[in-house]
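Consider the single chain below, provided in structure tokens and representing the form predicted alone.
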């Protein structure tokens, strides 16, 4: 844990703070009905043309049911379109490599994955997806799923800020405005920056390079053959990486994801990719504070997220810096910590920071293989996802996920003082608490239930490349990642089988749409309530005390739910590692 690493951590945190307010103010202008932005003259005509072509009245607001039906209908159409593109990929243009169609189960899993902003990948991008599939079928979801997440967060903010209202906004307006005014313009600039860093952006067929020394490789049929040349991936990579990071999507253009030099070539690109993952989720806390007219509370939510983030970084960084005691006993990598599965150009700190950032936010991009982390280092990404991806979290999803814990914290505080709980002038009643509890309970049941099923089934065990607690952690990580709509993996698990593809798809759908349905129900219920004036007994929802209350709620609920299963995986593996046993 060296001095220059601490300086980089402070630079990262300082830059995130600088971005939070201006981007938060801009997001407020975008999601406010009739909001004005500095891009109106440029994008306004395109926005109005879109409304006319689609028959959308941007000023007509929707109730919670109509909003939810609109979102679901749009999602179903997107799912069908993507599935069709992947199943008939070989018949579509922009396929210079002549890549074949995907199997039914893999096409469905991939379509669900990108629809839900998970971007779980049971395939290697450069060997499976054509340019058309990458740019049209998948990247379109990178924009729309991110915009939908911000739109749902906007409904909950409106529900808390409005009084006696039966409407939450217009889904189609929110979708169009977030896409046109936030995601597209930032990604254009961002992609140009990434091209400048050395990321390709072209439509060339793959190049080949002759190897200096031939290598023997073993195929899926267990037969060895001599490899004399290497395929060099090409394609529209920079544009995909920009929205992959900004929209907290995470799907890699190449199988190695952000560890690939064409996806993440320099320390500067690595820094900005991590920053872009957190940028919109952090800014939304400021937007939230502005719209509910309590900026101190917005910063308190930011502080709670930041506290959990820093704690995770320090634990993961310390575990990876300490390394593997078995290797140390053998005299291997005594000073470098655990470098297994990490890029030397990033090192221990940037790998640990990236792993924490990407699993705090529901991004899932990786610049190191989490499967190769030490047991305690791998525990942090697991726990981050099991909290519900609320530590800044995904674009939109992180805010409305954290507000679940905030409402529960207010309810618990109200019980302790014997007063009807109020939050931002709204009474927190049984319906609101039931929605929160249902979200946390069903998501936990989905993770634990599917993990248990896979752990005792032949199809589940057949995918393991490691045994013992590490193999169990691979299964637990997969379902935690998919329910949390993260998409990263302990890559030792072979998940491209029908059983895994379909059960992981179920996990992703439940993690995304079950939660959204209950969030919209709660937003509608809160919006219909009156705003009560503050009194001497009103709970102050800002400051250090309330920050601790939020952090405590996240940690305790997460701990009570998942500590037993974490003990069976990374905790047991850690003690066995110290005793000299590896898996």
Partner chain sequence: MKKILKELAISLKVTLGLLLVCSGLYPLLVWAGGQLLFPKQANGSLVYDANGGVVGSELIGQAFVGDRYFHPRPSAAGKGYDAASSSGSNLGPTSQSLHDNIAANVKSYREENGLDANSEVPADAVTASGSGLDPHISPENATIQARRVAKARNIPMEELRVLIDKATDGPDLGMFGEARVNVLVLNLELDRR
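Given the structure is predicted, the values throughout are model-derived calculations rather than measurements. Positions refer to the first chain, counted from 1.
The same protein also has a form predicted in complex with its partner chain, omitted here; what follows describes it.
Contact annotation: of the candidates 413, 322, 440, 369, the single residue with a non-hydrogen atom within 4.5 angstroms of its partner chain in the model of the complex is 369. Just one of 161, 295, 179, 95 comes within 4.5 Å of its partner chain in the model of the complex, counting any heavy atom, and that one is 179.
Under a 4.5 angstroms non-hydrogen atom cutoff, its partner chain in the model of the complex lacks residue 498 among its neighbouring residues.
Within this chain, residue 375 lines the site of its partner chain in the model of the complex, having a heavy atom no more than 4.5 Å away. In the model of the complex, its partner chain lies farther than 4.5 Å from every heavy atom of residue 544. In the model of the complex, its partner chain stays beyond 4.5 Å of every heavy atom belonging to residue 252. Of the candidate stretches 403-411, 187-195, 443-451, 354-362, only 187-195 contains residues with a heavy atom within 4.5 Å of its partner chain in the model of the complex.
Contacts between stretch 258-273 and its partner chain, counted in the model of the complex as any heavy atom lying within 4.5 Å, involve 259, 260, 261, 262, 265, 266, 267, 268, 271, listed in sequence order.
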